[in-house]
Structure formats: C-alpha cells, structure tokens
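One chain is shown next in structure tokens, namely the form predicted on its own.
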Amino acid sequence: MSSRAPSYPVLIGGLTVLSILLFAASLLIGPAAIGFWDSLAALIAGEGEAATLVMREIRLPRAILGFMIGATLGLSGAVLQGLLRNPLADPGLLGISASASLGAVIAIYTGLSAAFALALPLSALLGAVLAVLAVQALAGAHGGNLTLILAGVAVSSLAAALTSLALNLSPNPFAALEIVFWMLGSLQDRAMTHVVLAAPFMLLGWAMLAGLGRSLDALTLGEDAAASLGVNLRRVRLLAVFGTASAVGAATSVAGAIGFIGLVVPHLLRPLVGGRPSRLLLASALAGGAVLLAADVATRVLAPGRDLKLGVLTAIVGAPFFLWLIYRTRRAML
C-alpha cells in the first residue's frame, strides 16, 4: 500500500539526513556575508581571522546547541508522553523549565550574571535540580502518575509566581528587560563555553532516557501488565524524571525557555513508528534537533537584524497545533 508509513530504518535515515542538512544550513546562514567555500575554509582550516572567528566562535556553538537542545526536548517529550500515557505531556509539565528560568532570573535580578558570566546558566541548572527534588519529594516514592503531574504543576506555578515577583520588584528597567528577553528563548551570542557547560548534563540525561524504550513499550499495556512483565515502575519513573531534569535543565540554562517542541514532535511522529514508544525515542530526538535548527535558521532569515527570539517563533507555530490537538482529542472522547 503506497499510503503506509515508511519503514523505521528509512524514517531514521531520512531524519538523520535532514538534521545534517539543517546543521550545515545553521553554519552557513547568518548576517555575516561569508561565501560558502570561505565558510568551509574558515571552519576547517582556520583561513581568514574574521571568518574563523565567526564560524568557530559564533555559528558552530550555536548549531551544536541548536541540535542538542532540540534533541533534548524531543526525546524528553517522547519519554514523558510514554510514561504518563498522555499525548499532551511535555517537559514543562514537571516544572523543570519554569524552575530553571527562575534560577536564571534570580541571577539576573541579583546582579550575579553581570559579575560572573556563567552565573546565569549555573543558577538555571541549580533551579532545575531543586525543582525535580521538590517534585519527587511531593510525589513520594510510591506516588502515581497523577500525583507526579500535580506536583509538577504546583512547582511550575510557584516558579512562575516567583519569576513574576522578581519582574515586579526589579530594581531597574534594564534588568527587567534582560529578564524578559532571556525568558523568550534564544541561541544568539552563545559560545563554546555554553556548549562545554551544558553538554555533559544533556548527555547524562540522554543516557538515562534512552534505555527506557522497552519499559515504555510494556507500559502501553497498563501498569499492572508492565509490572507482571518485570518492569520496575519506580525505577522507570525515577530515570524519566531525573533524566528529563538533567537534560532539559541544561538546555534551558543556556537557551532560555523554548516550548512546544517536546509536545509537537513526538505526537507527529507517533503514527510513523506504529505507536511504539521505543521506536519513538530516537526519531523524536532527531526530529526535535532538526526542528529547532530549522526554527533558529528561520529567525535569521525572517527578521535579520531584529533579534527575533527562538521561543517566540516556536510558540507561534506550536500553539495553533496544540489547540488543534486538544480539539481532536475532545472529538475522540465523544
């Protein structure tokens, strides 16, 4: 049948090629007027001082972070949707993104980010760690999925309220503007220092999440059936929560809050992998990286020189899809 979904190897191969092409586009597209061959020569051989600076210190870390953050959001979204058996789940559900944002806001509000450049991402990472510890403490060792969701919503609401309070009490308008701009999400002006800081935590999170595929497959049969098949539900939940915290916390710490990728990407790919969570993980990671790279390239093409924020673009595209998803889910329940 010509209308059936592509085979899994074909899907993964296609997403890999797409990611490579978009990674190359991220390296080659920008406000600096550098030709194709000059860009390659600067990146590989270091020819031309100005071009080498642009390629190695500006575009390369931006492209690396773009793919890694997109992959983090796609992978964590797929894991949480499989764990909670809810297609509307995303990494923000556990309060990690909001708490990481709060940590960064505190660094800006107190002036730490001005005194020490890495204070902002480090504070955001600390916020993510405290959030997941709070969620786990509230949910308890034997808490179910509903308890976990409610704990995440409570932590997220508290973090959002404290962020609003920091904005309200900001000592000067410049600090408030910096807070708002950071919260909109962006990869602009990121350096290799940010890659070195965030990559280990994201890789650790990936390692914790990647091995959950078979357990998530068993969970599609229900928790009782999964437990009878030997799945340790508590272990799966801990790995999912702490893996998401490590990866998404690190991603948020260097790029700000970027929404909807963790929600949209797994949902779009699920029919193409036969609804199997184990196959969805790698596909969502590759597609998430590709989507974020494409969005970052679009910010440079659509509004050159206007500093269009990445989180704004993903929200503009993702919010209508979210509304459509809610509408379709409601119709399916009738």
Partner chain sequence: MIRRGLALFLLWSVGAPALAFAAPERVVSMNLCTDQLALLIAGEGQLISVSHLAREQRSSVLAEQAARVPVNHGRAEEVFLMRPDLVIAGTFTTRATVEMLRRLGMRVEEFAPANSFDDIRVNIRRMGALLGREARAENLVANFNDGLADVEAAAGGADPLAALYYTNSYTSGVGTLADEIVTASGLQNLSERYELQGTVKLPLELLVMGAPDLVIGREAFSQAPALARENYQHPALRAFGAIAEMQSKYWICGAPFTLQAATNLLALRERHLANETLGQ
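Positions refer to the first chain, counted from 1. In this text, all values refer to a predicted model and were calculated from it rather than measured experimentally.
Although it is not shown, the form predicted together with its partner chain is what the next lines describe.
Peer 1: Please determine whether L302 contacts its partner chain in the model of the complex, using a 4.5 Å cut-off between heavy atoms.
Peer 2: So L302 does not count as contacting its partner chain.
Peer 1: Evaluate D189 for contact with its partner chain in the model of the complex, applying a 4.5 angstroms cut-off between non-hydrogen atoms, and reply yes or no.
Peer 2: Yes.
Peer 1: Heavy atom to heavy atom, is S164 within 4.5 Å of its partner chain in the model of the complex?
Peer 2: No, no contact at 4.5 Å.
Peer 1: Are any of the heavy atoms in H194 no more than 4.5 Å from a heavy atom of its partner chain in the model of the complex?
Peer 2: Yes, H194 lies within 4.5 Å of its partner chain in the model of the complex.
Peer 1: Consider the chain as shown here, without its partner, and state which of A32, L40, L268, A298 has a heavy atom within 4.5 Å of its partner chain in the model of the complex.
Peer 2: None of the others qualify; the residue that does is A32.
Peer 1: Look at the stretches 64-72, 48-56, 268-276, 288-296 and give the one with heavy atoms within 4.5 Å of its partner chain in the model of the complex.
Peer 2: This holds for exactly one stretch, 48-56.
Peer 1: Going by its partner chain in the model of the complex, which residues of 97-121 come within 4.5 Å of it through any heavy atom?
Peer 2: Read in sequence order, the residues that approach its partner chain (within 4.5 Å, in the model of the complex) are I108, Y109, T110, G111.
Peer 1: Once you compare with this form, do the C-alpha atoms of L197 and S113 lie closer or farther in the model of the complex, given a change of 3 Å or more?
Peer 2: Those two alpha carbons end up closer in the model of the complex.
Peer 1: Knowing the Cα distance between G111 and P200 changes 3 Å or more in the model of the complex, does it shrink or grow relative to here?
Peer 2: Relative to the displayed form, G111 and P200 draw closer in the model of the complex - a change of at least 3 Å between their C-alphas.
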